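One chain is shown next in structure tokens, namely the form predicted on its own.
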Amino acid sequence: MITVKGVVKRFQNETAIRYRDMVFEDGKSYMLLGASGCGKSTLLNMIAGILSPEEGSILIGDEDMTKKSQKEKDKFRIERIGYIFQDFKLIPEMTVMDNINILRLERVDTSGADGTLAALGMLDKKNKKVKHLSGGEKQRVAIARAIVKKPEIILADEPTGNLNFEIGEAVIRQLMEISRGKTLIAVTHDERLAKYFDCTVDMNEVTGGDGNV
């Protein structure tokens, strides 16, 4: 279970985002909807320990992410969270498999890579350089890299943002299938995908602000 309580995130331009208390239950999928700037991606980054709030707490189980050192947060994320970044963060000149196996530098076991790629329909592309892939194929590689370590939690920041609806819908269906039984929190702008998620959270309703928000 992920618990967000009394969280406030401030930025250098004096903008602040204030989050209402939220609970994300184990094994469920959540879609975060909302206007640009309402704090969707910021929330994912705080759950992952990439950003820290100025106030409040974020608990994953009984562990308070806000009280961990950055080194502890990074270790927790590597071991227990799969993060699918909006811009993929793939290395274009490397092959699909090399982009996954680079996780070994963080002592991640990637022995299940073939099975993960197969589940996403990408096994036949594993020796192809990323720069030669389509947008939908790159997204699938980013998903494979995030879930190959069998994380308890999957965070996805606009997993269909660079794709047309038909391809994006196919990616979401595959993501749902492969993340079954895990906690999935995805940021998206497309309300048409809500039917695939257990819960939809309108971030315009659960955040507020001062300053420029």
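Being a predicted model, the structure only gives us computed values, none of them experimental. Residue positions are given as counts along the sequence shown, with the first one as 1.
Although not depicted, the form predicted together with a small molecule is the subject of the following passage.
So which of N162, T66, S41, Q174 reaches within 4.5 angstroms of the small molecule in the predicted bound form, heavy atom to heavy atom?
Result of the distance check: S41.
Indicate whether the small molecule has at least one heavy atom within 4.5 Å of a heavy atom of G56 in the predicted bound form.
Contact check for G56: no, nothing within 4.5 Å of the small molecule in the predicted bound form.
Applying a 4.5 Å heavy atom distance criterion, does L193 contact the small molecule in the predicted bound form?
Although the small molecule is absent here, L193 would stay clear of it in the predicted bound form, with no heavy atoms inside 4.5 Å.
Quick one: is R18 in contact with the small molecule in the predicted bound form, heavy atoms, 4.5 Å cut-off?
R18: no, not in contact with the small molecule in the predicted bound form.
F24: heavy atom within 4.5 Å of the small molecule in the predicted bound form?
Residue-level check for F24: no, no contact with the small molecule.
Can you tell me which of 146-154, 29-37, 163-171, 176-184 lies within 4.5 Å of the small molecule in the predicted bound form, counting heavy atoms only?
Heavy-atom contact with the partner occurs in 29-37.
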